[in-house]
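Given as structure tokens, the chain that follows is alone and in the form predicted alone.
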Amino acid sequence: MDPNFTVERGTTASRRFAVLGGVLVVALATLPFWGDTASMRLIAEMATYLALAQLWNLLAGYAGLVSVGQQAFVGLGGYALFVMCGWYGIHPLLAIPLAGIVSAALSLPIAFIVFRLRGAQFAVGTWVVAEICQLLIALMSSLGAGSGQSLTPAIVRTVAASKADRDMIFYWCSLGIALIVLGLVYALLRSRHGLALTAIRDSEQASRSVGVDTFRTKLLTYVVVAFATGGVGALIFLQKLRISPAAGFSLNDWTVVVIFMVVIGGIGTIEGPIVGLVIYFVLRQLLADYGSWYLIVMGCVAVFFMLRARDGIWGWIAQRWQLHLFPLRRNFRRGGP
């Protein structure tokens, strides 16, 4: 490389955002000491949805794998936690990453099936696989069949003796897993693997012609996303203390809502899911008392933005003002005399 040039990955906006983000993280981390329980539960829910949105965005926005069956790994992660805690006496917090490993292991045979499909067939195939997982779990009497199962009070008390302490631990775990997923996605996209993903997103055929192993790259992304999604699912149902096939493998709760956030915010960007998350929760808070109108308005908002801003809100902002809070590109700048 010419010594008169230097490579910069950050921007002025990203550095300022990093400072503001650090302040926000500190404020959120200390929320249990100055906030109320309702605020803690809302932020914890937002954190888990942010993790799921970033993971789906990595899968669909970069690897081109538009899955409509990610609820399979949420449910499998949740049930793995209940099995490890109830059958083997593993501590619930330790069972969270182990549930992720179980989900990642199960994603390999699933990938062997769905990776034979392309485009809309892949989307439908992942949904069918998730439905099959739900039906199989519902037939297992040892897992509570269709009615599901709950964590026993003895297992719950191993997290913390009092409910207030458990709420704090669950809150910090939710915030931590969101930050870990965000950091994992950002680091992955800034790596050589991220360059391969970006090439696949732009043109899979062209990326293959320059030596990118598209199958291996997609498979690795799929397994990593399954691992993290399973861990998030385990944490979600650890907080709920109960799981059932309908709740664990809910298409609406764990996939449709996530897709709404990513598409509205801007698919293929790290900032997009964050913007979509804020919009979704604001709309939910404002329209929650209006019954069916809530869903109608959400649908209209989705259609409006898909027609007027096809790259999502953040995509429109980035194009108009060249603003990147999580810069992924390498910028060459002339240095020296």
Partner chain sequence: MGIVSIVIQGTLLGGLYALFAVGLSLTFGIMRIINIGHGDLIVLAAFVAMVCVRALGIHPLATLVVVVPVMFGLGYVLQRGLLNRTLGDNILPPLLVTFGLSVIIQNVLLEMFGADTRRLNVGALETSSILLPGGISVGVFPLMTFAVAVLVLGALQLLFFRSDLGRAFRATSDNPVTAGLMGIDNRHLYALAMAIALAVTAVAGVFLAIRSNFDPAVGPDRLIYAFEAIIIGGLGNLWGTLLGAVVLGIAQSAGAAFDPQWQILTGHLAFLVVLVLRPDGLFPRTRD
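Numbering follows the first chain given and starts at 1. Bear in mind the structure is a predicted one, so any value in this text is a computation, not a measurement. The term rigid core refers to the maximal set of C-alpha atoms that superpose within 1.5 Å between the two forms.
Missing here is the form predicted together with its partner chain; even so, the following discussion is about that form.
The chain is drawn here without its partner chain; in the predicted bound form, the stretch among 33-41, 46-54, 270-278, 292-300 whose residues come within 4.5 Å of it by any heavy atom is 292-300. Interface membership of residue 112, defined by any non-hydrogen atom within 4.5 Å of its partner chain in the predicted bound form, is confirmed. When contacts are judged by a 4.5 Å heavy atom cut-off, residue 127 counts as touching its partner chain in the predicted bound form. In the predicted bound form, its partner chain sits within 4.5 Å of a heavy atom of residue 68. Using a 4.5 angstroms threshold between heavy atoms, residue 167 stays clear of its partner chain in the predicted bound form. For the three residues 182, 189 and 212, a heavy atom within 4.5 Å of its partner chain turns up in the predicted bound form in no case. Scanning 117, 101, 159, 195 against its partner chain in the predicted bound form with a 4.5 Å heavy atom cut-off leaves one residue, 117. Put simply, of 222, 260, 171, 237 only one has a heavy atom within 4.5 Å of its partner chain in the predicted bound form, and it is 260. Residues are counted as partner-facing when one of their heavy atoms sits within 4.5 Å of its partner chain in the predicted bound form; in 127-152 these are 127, 128, 131, 132, 135, 136, 138, 139, in sequence order. The rigid-core alignment places the CA of residue 297 2 Å or more apart between the shown form and the other one.
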